[in-house]
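Let's start with one chain on its own, the form predicted on its own, as structure tokens.
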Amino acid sequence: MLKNEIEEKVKQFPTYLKSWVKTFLGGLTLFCIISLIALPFLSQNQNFTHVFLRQFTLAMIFSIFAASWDLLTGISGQISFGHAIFFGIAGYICAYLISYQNFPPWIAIFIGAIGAVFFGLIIGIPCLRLRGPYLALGTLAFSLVLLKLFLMGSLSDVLFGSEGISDYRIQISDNPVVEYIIILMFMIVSFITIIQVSKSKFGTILKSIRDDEVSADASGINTTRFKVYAFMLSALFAGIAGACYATYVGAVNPTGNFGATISFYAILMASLGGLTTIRGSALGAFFFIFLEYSLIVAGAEIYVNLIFALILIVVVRFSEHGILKPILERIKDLWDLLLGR
């Protein structure tokens, strides 16, 4: 039965893709993807390659991270304040395998992501028996515990202490263009997967749990099991982002990978773009990374977190569903005007 359903969907895919591209959102998405693919080849300027292209790469990594948080919180309704757990664990596993076991980076990234899934299971089982703010505080507590463990000097032989792991070999490639293309592929595949999951029967169940967990439980759905599945799936993509970030930086350390600020970044980016949209996570991440870079260049680095906190307050107050929907509406109005509709 499942095999026949998959075969039917494969046969219908070309027709579906053709009709999707003709829609406004499909065409705009395809245009953005083509623009990102073409970006590295638009300029041979070294400053562009080594500065702006690296910022685009960082934005794509955090797009995956923010989308993973939106999958857990926006789609399934499970609030997490400790998403840095999976981001950090995957980064450490990836860095260790490359630096000490001589694994190829792409294999280390996948193993790191699987490690994050394992932690998603371990942490999800006890945490997901909590609800609402208690769940959020529970995940935050686990994140802080891991941070302290990795900072402990007595465990430095095992967890590498406060200095973490630093090795130039951790990087995917010395060539920023190659690194950019690889991360772009990770981002595209991650977003397609997350969006399709949110539209599937599994995604519908998660949304029913988000909207009314008591009713979902009464209808026969094993809500705890599905919440754990959501936690593990979210951890997978957070792990991919964390492992890619380790290769991007070429190092890992407790504060940079497990800090509460990292979890805050995921929440901020997803909320800026718009919860439950998934695509909004990419918009929020790009907006965040490039505004942060502009503030650093302007010498206002110490005010970055304050400024973004204020922006988040304004967005939540005046645009509850983030900035993606209003921006799409304005672009569509402009497009209709150009076409004379």
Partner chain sequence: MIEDIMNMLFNGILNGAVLALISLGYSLVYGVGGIMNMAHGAYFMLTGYLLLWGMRIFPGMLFLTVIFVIIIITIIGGLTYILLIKPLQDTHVGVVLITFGLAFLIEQWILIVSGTTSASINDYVLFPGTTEFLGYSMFNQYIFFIIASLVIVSLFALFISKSKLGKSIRAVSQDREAAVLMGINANRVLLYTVMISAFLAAIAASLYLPGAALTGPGMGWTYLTSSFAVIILGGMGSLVGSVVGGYIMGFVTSFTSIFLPNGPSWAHVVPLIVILIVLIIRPRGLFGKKKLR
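In this text, rigid core is short for the largest set of C-alphas that superpose within 1.5 Å between two forms. Remember, predicted model here, so these are calculated numbers, not experimental data. Residue numbers count along the first chain shown, from 1.
Although not depicted, the form predicted together with its partner chain is the subject of the following passage.
Not displayed here, its partner chain is kept clear of S234 by more than 4.5 Å at the level of heavy atoms in the predicted complex. In the predicted complex, its partner chain sits within 4.5 Å of a heavy atom belonging to A141.
In the predicted complex, none of the heavy atoms of W106 sits within 4.5 Å of a heavy atom of its partner chain. In the predicted complex, no heavy atom of Q101 sits within 4.5 Å of its partner chain. Partner contacts here mean any heavy atom within 4.5 Å of its partner chain in the predicted complex, and among 185-193, 109-117, 236-244, 77-85 they occur only in 77-85. This chain appears without its partner; in the predicted complex, the one residue of V228, I267, V197, L97 with a heavy atom within 4.5 Å of its partner chain is I267. Residues I302, Y303, N305, L306 are the ones in 293-308 with at least one heavy atom within 4.5 Å of its partner chain in the predicted complex, listed in sequence order. Residue displacement note: A300 has its CA displaced by at least 2 Å between the shown form and the other one (rigid core superposed).
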